[in-house]
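Presented as structure tokens, the chain that follows is alone, the form predicted alone.
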């Protein structure tokens, strides 16, 4: 039996990385040979988490041969996955995002739920199958849920996310979840040595809506001034990325985790008009105050998608 390669999306966040590891183990427990691979480097938050539990970082993949078996976790958008996805044998998708335009030539295993984290969904799958969760995986899964829900600050949070952390912490035994979450968020905010280009690409997702290309980046941080003080450099680089990738819009939201506030950097007048039309806020000096819109999945992308669907 050939191995199932479990992969997360390009430019991964903590939830996607840990989802790949946890789902690969789920498949192994289900008597399916599987292995998690990484397509990108870990961000500072995820590296802090892995160092905390001494977990091994998945092996880097430089590509998969045609007909290789693939499982996608935490994504299902073609522009966010491995480049030769059409040549691969897609077997599984486990995700908590909107369903996009991936098609298959045969029936596959698909599990989607409207919850705050893919790891919440994986917790439910483990529970349904009566699979044991190790202490290391419990800590990793809690970390992923904290990261994606911003410790329940995000509007994507559901009661199932809260329950999953409560149950997982019976195994993980983290004494103070608030303190642990703050350590995670501070690690995520440690961006002093990162280039402007990498800062913009730190956590971005590209979406195709009909013939329109949307690039929405996010910097979740406890120190928003660090990124906002580099605005001039960021705007210049965003304009370059927009031109090179033929994007219809590029935005970069700087999300203040602790104060639950979003200041979005906008590249040019064209995008300023779209942001005004979509979110009903005026921009000033390439900045738009989007108030408490701290969830890209729920409060940014659906609104932009609806706008472009009407054009």
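Positions refer to the first chain, counted from 1. Predicted model, so just to flag it, every value in this text is computed and none were measured.
Another form exists, predicted in complex with another copy of the chain; not displayed. Remarks below refer to it.
None of the heavy atoms of residue 87 is located within 4.5 Å of another copy of the chain in the predicted complex. The closest non-hydrogen atom of residue 225 lies beyond 4.5 Å of another copy of the chain in the predicted complex.
Another copy of the chain in the predicted complex is not approached by residue 132, whose heavy atoms all lie more than 4.5 angstroms from it.
In the predicted complex, at least one heavy atom of residue 104 sits within 4.5 Å of another copy of the chain. Of the listed positions (183, 163, 97, 230), a single one reaches within 4.5 angstroms of another copy of the chain by any non-hydrogen atom in the predicted complex, namely 97. Scanning 113, 167, 190, 83 against another copy of the chain in the predicted complex with a 4.5 Å heavy atom cut-off leaves one residue, 113. With another copy of the chain omitted here, the record of contacts in the predicted complex names 113-121 of 133-141, 113-121, 67-75, 215-223, defined by a heavy atom within 4.5 Å.
With contact defined as any non-hydrogen atom lying within 4.5 angstroms of another copy of the chain in the predicted complex, 128 is the only contacting residue in 118-132.
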